[in-house]
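Before any questions on binding or motion, here is one chain by itself as structure tokens, the form predicted on its own.
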């Protein structure tokens, strides 16, 4: 096992850090317009995305004309890690940059790449991902939003829910059923739907903890018509494209999960001495044991992630990638729970966890109790833990479905 990076990778890291030191958005910029709740992508985020694109740091593994520098997989891993450490998001339109744009580049026409993918990469447009529905969450293939081809237009009716960023997106990468008679996992297609199309209604879903900063939304589509050429890829091949689309997100998901877990642990270790001093000897012994256990979990998560990524970089299958999201999100939940339980009743009124103002937009901040509440969302989004266990059981361990 090699526990270090090659010299050329370290040179890549040094170049990135030097560039970030000069060009990164300031804390004042991000704090002045920190969220998307105003109904549009923050101006600083659009500028920052364009700056990264022009410098080849937006997606390093891509060619320069698409915002990269032809970097290899290991360099791309280092890039994601250093951005997370610096708490600098590439964009506030995570699904647009991480899933929609790459998917259009993979499956779309030249015109779709030109009109939809490239504006996302240049920070000129934002996109939302229309997947989940009230009766089709983790089971995407159960979706019922219907698209019917009438002449040279698609007529779309249905509903999406938990659609991140729909309240400020320029268009939706919409998964819909185009053949209702096909088997469940067939007959699904992807259609690009501009959000200002008549018949599209967006209703933000306020969160209990942050009701004034909604990012999740319901999207209603009533007799929405878009041109036939807005179909992405092959007709009725949406399920295969969905798997390809989500593959673009996996590396970012596990790296962010591990980095978030390590950040939470580091904060707990700073606060632990003062917290432990207030406990009885028996309580202190139990609390120390719990802290050590989550520290072990955190180290195991990083090693598991590196093992899987090393396989991926060699072109081999990596079952660790399926395990990582489940393991890291639940480990982070345990860190927050341990910290809140050590605080006891004070957890309800304790001040916020240390935060320097540079946090990435998808990282929950606040008290340990708030982080614990937020952790349940992390075990649902990007694949619910229950579904992840089914996938691991069936596809990796080879267990029967029942």
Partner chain sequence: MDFEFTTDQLELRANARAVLEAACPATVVRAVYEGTGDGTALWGQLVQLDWPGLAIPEEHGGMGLGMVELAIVVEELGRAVAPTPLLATLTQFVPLLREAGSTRLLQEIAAGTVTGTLALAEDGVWHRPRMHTTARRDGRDWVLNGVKSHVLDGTTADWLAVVAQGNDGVGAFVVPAAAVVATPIEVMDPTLPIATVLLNDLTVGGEDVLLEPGDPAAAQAIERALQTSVTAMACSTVASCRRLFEITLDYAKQREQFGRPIGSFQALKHRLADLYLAVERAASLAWFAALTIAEDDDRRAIAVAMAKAAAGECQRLVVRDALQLHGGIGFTWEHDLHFLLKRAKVGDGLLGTAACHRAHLAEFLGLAAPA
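This one's a predicted model, so the numbers in the text were calculated from it and none came from an experiment. Positions refer to the first chain, counted from 1.
The discussion below concerns the form predicted together with the partner chain, not included here.
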Q | Answer option from 153, 157, 299, 138, heavy atom within 4.5 Å of the partner chain in the predicted bound form | A | 299
Q: Heavy atom within 4.5 Å of the partner chain in the predicted bound form: which of 282, 228, 182, 269 fits that? Just give me the one.
A: 269
(Q) I need the one stretch from 145-153, 170-178, 229-237, 321-329 whose residues put non-hydrogen atoms within 4.5 angstroms of the partner chain in the predicted bound form. (A) 321-329
Q. Applying a 4.5 Å heavy atom distance criterion, does residue 276 contact the partner chain in the predicted bound form?
A. yes
(Q) Within 4.5 Å, heavy atoms only: does residue 289 come near the partner chain in the predicted bound form? (A) yes
Q. So in the predicted bound form, does any heavy atom of residue 310 sit within 4.5 Å of the partner chain?
A. yes
Q | in the predicted bound form, residue 197 touching the partner chain (heavy atom, 4.5 Å) | A | no
Q.
Within 4.5 Å of the partner chain in the predicted bound form, counting any non-hydrogen atom, which residues from 386-402 show up?
A. 386, 389, 390, 392, 393, 394, 396, 397, 398, 399, 400, 401, 402
